[in-house]
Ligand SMILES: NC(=O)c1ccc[n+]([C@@H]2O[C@H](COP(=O)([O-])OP(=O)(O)OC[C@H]3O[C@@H](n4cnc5c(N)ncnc54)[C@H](OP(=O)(O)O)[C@@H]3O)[C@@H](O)[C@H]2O)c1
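Okay, here we've got a single chain as structure tokens, the form predicted alone, with questions on binding and movement later.
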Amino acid sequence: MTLAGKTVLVTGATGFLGGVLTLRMAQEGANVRALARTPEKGAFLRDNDNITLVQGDITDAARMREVIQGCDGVFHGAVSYGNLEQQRRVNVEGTRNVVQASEAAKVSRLVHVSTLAVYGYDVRGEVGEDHPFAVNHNDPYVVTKGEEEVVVRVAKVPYSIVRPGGIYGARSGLWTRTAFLTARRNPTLWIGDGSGTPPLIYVDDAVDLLVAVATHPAAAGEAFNCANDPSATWREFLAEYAKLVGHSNYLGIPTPIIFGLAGVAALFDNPDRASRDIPKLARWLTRRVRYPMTKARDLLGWQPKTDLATGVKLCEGWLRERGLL
């Protein structure tokens, strides 16, 4: 099964993952409607005969019905990172609009981009797709992404859900730009011995899985983790970026010092200040967790292709273009 010659909508098309997905779909012969609230951000998608930039907002139900009508498939990746009210309006109600418009258009597959964060940030050990979602969480992103999935799961069209981890690659803000800026310091300063395991996935691999679930019959009604298994450690991840500037020096701050300083700061700081979150962040950065990819392998015959060293090396050109390297 292929999407070549088919019409698909990509929400969040001007973002990092959505942009790579849009270009990939167009390259493979799909007619892509690239949804953008501000089409100016989609300049990099122009001059492609298979891509049509369409202005719209997923919170506008009528507009969603217009842009999805006539589509064979929908990739829904638009997201908000605002406060709880804003995220519910965009992430949950906006997703509801996309689902209902997909039902009206009778699309053959709705692919929803979720996140590994639905399990929460405190999980340890092995976390498969059937692991319970985090409840009573204080992070709006965790809450609303879980609520999104509830909306998708009652869709009256075939759907598939992909839960990516930290997506790195050219144009990634947090997992490439910020990670590189951290790693290029000599020595690289981090928390503890760096043995915590971030859930990483190279952007092309994440796109590969999205395409696979859009076209594979066995993916209908299923959710899939999307992270390298096993994950590299933080120290290994940052070391690959450090290699780009020619050093391999690492300095870990003992975690008891981090927790101690955070505790002292909390005594004198405003309760709403970010310093209150330092212990939580330290625990997240030092946790060891694995998100098995056996389901995607067994059902779809799919697994990530890009090893860490190759993925980071592929970011080098973009980092140079940005004047960071």
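Start at 1 with the first residue shown and count on from there. Quantities reported herein were computed from a predicted structural model and do not represent experimental measurements.
Just so it is clear, the following notes concern the form predicted in complex with this ligand, a form of the same protein that is not shown.
Proximity to this ligand in the model of the complex, taken as a non-hydrogen atom within 4.5 angstroms, holds for one residue of 141, 250, 121, 133, which is 141. Among 73, 146, 165, 196, the residue placing a heavy atom within 4.5 Å of this ligand in the model of the complex is 165.
Of the candidate stretches 211-219, 167-175, 230-238, 125-133, only 167-175 contains residues with a heavy atom within 4.5 Å of this ligand in the model of the complex. Residue 16 belongs to the set of residues with a heavy atom inside 4.5 Å of this ligand in the model of the complex. In the model of the complex, residue 41 approaches this ligand with a heavy atom inside 4.5 Å. Under a 4.5 angstroms non-hydrogen atom cutoff, this ligand in the model of the complex has residue 37 among its neighbouring residues.
Of the heavy atoms in residue 28, none are within 4.5 Å of this ligand in the model of the complex.
Contacts between 71-88 and this ligand, taken as any heavy atom within 4.5 Å in the model of the complex, involve 77, 78, 79, 80, 81.
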